[in-house]
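Encoded as structure tokens, the following chain is the form predicted on its own, with no partner shown.
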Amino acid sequence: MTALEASGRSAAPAVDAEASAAGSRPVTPASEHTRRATARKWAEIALFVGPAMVLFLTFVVYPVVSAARFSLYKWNGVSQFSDAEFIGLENYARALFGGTDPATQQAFTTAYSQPFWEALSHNFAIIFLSMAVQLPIALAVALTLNRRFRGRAFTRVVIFAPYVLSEVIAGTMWLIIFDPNGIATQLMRGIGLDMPNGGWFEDPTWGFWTVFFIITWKYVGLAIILFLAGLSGVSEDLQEAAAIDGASWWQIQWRINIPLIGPTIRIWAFLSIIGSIQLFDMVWVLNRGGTAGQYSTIASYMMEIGFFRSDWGYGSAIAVIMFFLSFVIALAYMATILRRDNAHPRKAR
């Protein structure tokens, strides 16, 4: 037997002894301090997230689920829901194309489908006009107010004041202004013109444009304040360097300020789109969307047919469609437009 073999045989019992000793040691459990830290973390999460989650489930998830359930029935909202008639997706079919029954499809198209698509077209028209009219106005005013001049703070307060007013107060005020004997009518007559036929809000052409003018007056202040907040974060060194290099005031705005507040503009556009889809208060105060639905929206149409015509099943279907439309547009906008801002906030332009 060689010396190497002898040493190997003598070392083997020692190794086995160490391995058996290591295996016999109990696995040390998580310390009491670690367990307390974990329990404290989950308690803090429950404390701060729990109330918000309860409110979200109570006032968002439960109403949506209830509306989806009601939309499958023919129910007037007065009788017991147990007496409601289950009609499946018929309420959605009435809204989209007049129902599935050939005998009543023509009548339901006139009574249900046409008003729905007209209201939806008004929502999308407001979205388009917001981007085409409110955005340039808000940008121009914000870029102007971003300069230093006496009374700038007061001017900002005056511009933002309409947004602070409640929709009921603002709508009532404009109803008085556009009354047949109101200030707007007197001004028109003073320059030799007359008010539109049937009044400012009931004229088939002027009704929608009058309401959009009021909406712009009411909500453009929010866009201006948001843009001013974004401009406050733009370094003045960049503008001074561009001015030294010979750039004009307009070139500085177009090449520096506007690109740098791009994320703010996109956030406002997102809020404007969702707000235009869900627009209700101002339209409802201004004569419930018009006697002939000249400027009705999905929300005002839902309220009109659900509460005042006692068709809760169909009104719930309109609510579900509005929710689904807002949800899809929000997801699509976040996945396409806001994706770059969320992924690379510092590089977004």
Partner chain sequence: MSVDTAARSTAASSADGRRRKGLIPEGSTYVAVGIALVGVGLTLGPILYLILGGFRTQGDLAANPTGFPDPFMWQNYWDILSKPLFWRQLLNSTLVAVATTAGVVLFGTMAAYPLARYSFKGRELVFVIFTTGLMFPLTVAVLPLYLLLRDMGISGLWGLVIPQIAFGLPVTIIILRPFLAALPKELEEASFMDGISRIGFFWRMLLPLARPAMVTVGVLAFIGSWNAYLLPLLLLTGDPTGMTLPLGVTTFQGQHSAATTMIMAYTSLAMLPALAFFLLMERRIVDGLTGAVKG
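Model, not experiment: these values are computed from the prediction. Numbering follows the first chain given and starts at 1.
If you look for the form predicted in complex with its partner chain, you will not find it shown, but the lines that follow are about it.
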item: Touches its partner chain in the predicted complex: G199 (any heavy atom, 4.5 Å); value: no
item: Partner proximity in the predicted complex: D194 to its partner chain, non-hydrogen atom cutoff 4.5 Å; value: no
item: Exercise: I169 in contact with its partner chain in the predicted complex, heavy atom 4.5 Å; value: yes
item: Contact label in the predicted complex: M334 to its partner chain, heavy atom within 4.5 Å; value: yes
item: Proximity to its partner chain in the predicted complex (heavy atom, within 4.5 Å), stretch among 88-96, 157-165, 127-135, 113-121; value: 157-165
item: In the predicted complex, the one of I215, L222, L139, L72 near its partner chain [non-hydrogen atom within 4.5 angstroms]; value: L222
item: Sequence-ordered list of residues in 276-312 near its partner chain in the predicted complex, where near means a heavy atom within 4.5 Å; value: Q278, F280, D281, W284, V285, A299, M302, M303, G306, F307, W312
